[in-house]
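Take a look at this single chain in structure tokens; it is the form predicted alone.
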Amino acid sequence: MLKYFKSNESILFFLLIILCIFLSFYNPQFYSIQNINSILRSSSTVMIVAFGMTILLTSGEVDLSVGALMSFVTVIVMDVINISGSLFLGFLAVFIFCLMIGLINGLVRTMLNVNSLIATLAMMLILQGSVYIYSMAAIYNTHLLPFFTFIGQGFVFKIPMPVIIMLFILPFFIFLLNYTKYGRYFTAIGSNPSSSSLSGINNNKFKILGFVITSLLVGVAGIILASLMDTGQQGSAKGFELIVIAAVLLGGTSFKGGSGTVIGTILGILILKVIDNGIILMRIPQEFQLVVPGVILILAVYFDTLRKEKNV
């Protein structure tokens, strides 16, 4: 694992260690099994979506609709399973819906040539309104299927199930970005779209693929969130996109494309979640849980700009 660490990852790793040491001195409860599991469980859904966002940002694109889509997923999966009594049908409905949203985002970006920031902002607004058209109220669990609850709330050898799911997905994205030509294609597209096109890479195809992968990962995270809450709620993932993007940028992925790292993304998420946990342990008003990612987002983009200027 250490061979994946670059200078930025090393800084993040030591920053994470310093934060953990500080919080453990401030409140010994920080290192309790219950608290560690809480951090890991809340980190896992962000990590799952962030893997896709890392690919997107590496290719020079971004998806602001992930939070709204995730909220919609919780409503869909709970409603379909309540009606059908089938986990398979509930999951199938989620992934078909997410596939459709990913394709629309990708096609609007590539075929209509709408900037991804604007295209996915529009999709975010559409989803935020449409979920209330779909259901005006929260949808509660009436199917009572044990395995559905286990997905978000269960443990395997004392490890939270959401963490197990994240660890199952993680190797694929490490392999994709570090060992395959397709990972290099995403980097090339984000670094210099004209050159990658001249090299025979179908830029639009890979950008659409990036949006689809990200949306499908939102489907996985949304199912986990619905299981954790045991309900489907329209605004359950409000602000989620900010946390994901801030963590990915903090991890060293460039907002302008051309560079990205899964390990850095993981470290960025852990830092944000440890800070969130510290805010709770130190009894600081929880509104700061959104203030901190906002500040980090500004700083991450600023330092990314400095890095780009230095490399010119």
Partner chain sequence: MSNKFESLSLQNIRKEFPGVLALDNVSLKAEAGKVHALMGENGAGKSTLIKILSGAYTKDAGNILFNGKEINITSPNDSLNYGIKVVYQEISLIPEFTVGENIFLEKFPLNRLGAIDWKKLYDDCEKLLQGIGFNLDVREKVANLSISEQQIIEIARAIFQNASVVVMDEPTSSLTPKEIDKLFQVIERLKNNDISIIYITHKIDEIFKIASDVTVLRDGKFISHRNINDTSEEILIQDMVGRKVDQKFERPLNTFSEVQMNVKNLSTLSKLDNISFKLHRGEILGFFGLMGAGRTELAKAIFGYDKILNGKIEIQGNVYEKFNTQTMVNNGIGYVTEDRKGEGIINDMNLRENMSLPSLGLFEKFLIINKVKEKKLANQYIEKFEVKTPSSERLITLLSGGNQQKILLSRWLLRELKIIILDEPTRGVDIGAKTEILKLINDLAKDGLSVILMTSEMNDLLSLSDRIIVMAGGKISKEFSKDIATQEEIFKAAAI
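Residue numbers count along the first chain shown, from 1. Only a predicted model underlies this, so the values are computations on that prediction, with no experimental measurement involved.
The same protein also exists as the form predicted in complex with its partner chain; that form is not shown, yet it is the one meant from here on.
Can you check whether Ile201 is within 4.5 Å of its partner chain in the model of the complex, heavy atom basis?
Answer yes; at least one heavy atom of Ile201 falls within 4.5 Å of its partner chain in the model of the complex.
May I ask you to state whether Asn192 is within 4.5 Å of its partner chain in the model of the complex, using heavy atom distances?
Answer yes; at least one heavy atom of Asn192 falls within 4.5 Å of its partner chain in the model of the complex.
Hey, in the model of the complex, does Tyr179 get a heavy atom within 4.5 angstroms of its partner chain?
The answer is yes: Tyr179 has a heavy atom within 4.5 Å of its partner chain.
Give a yes/no on whether Ala188 approaches its partner chain to within 4.5 Å in the model of the complex, heavy atoms considered.
So Ala188 counts as contacting its partner chain.
Does its partner chain come within 4.5 Å of a heavy atom in each of Phe175, Arg184 and Gly257 in the model of the complex?
All of them do, each having a heavy atom within 4.5 Å of the partner.
Sort through Ser197, Ser84, Ser135, Thr231 and report the residue having a heavy atom within 4.5 Å of its partner chain in the model of the complex.
It is Ser197.
Looking at heavy atoms inside 4.5 Å, which stretch does its partner chain contact in the model of the complex, given the options 202-210, 163-171, 89-97, 143-151?
Contact-bearing stretch, as computed: 202-210.
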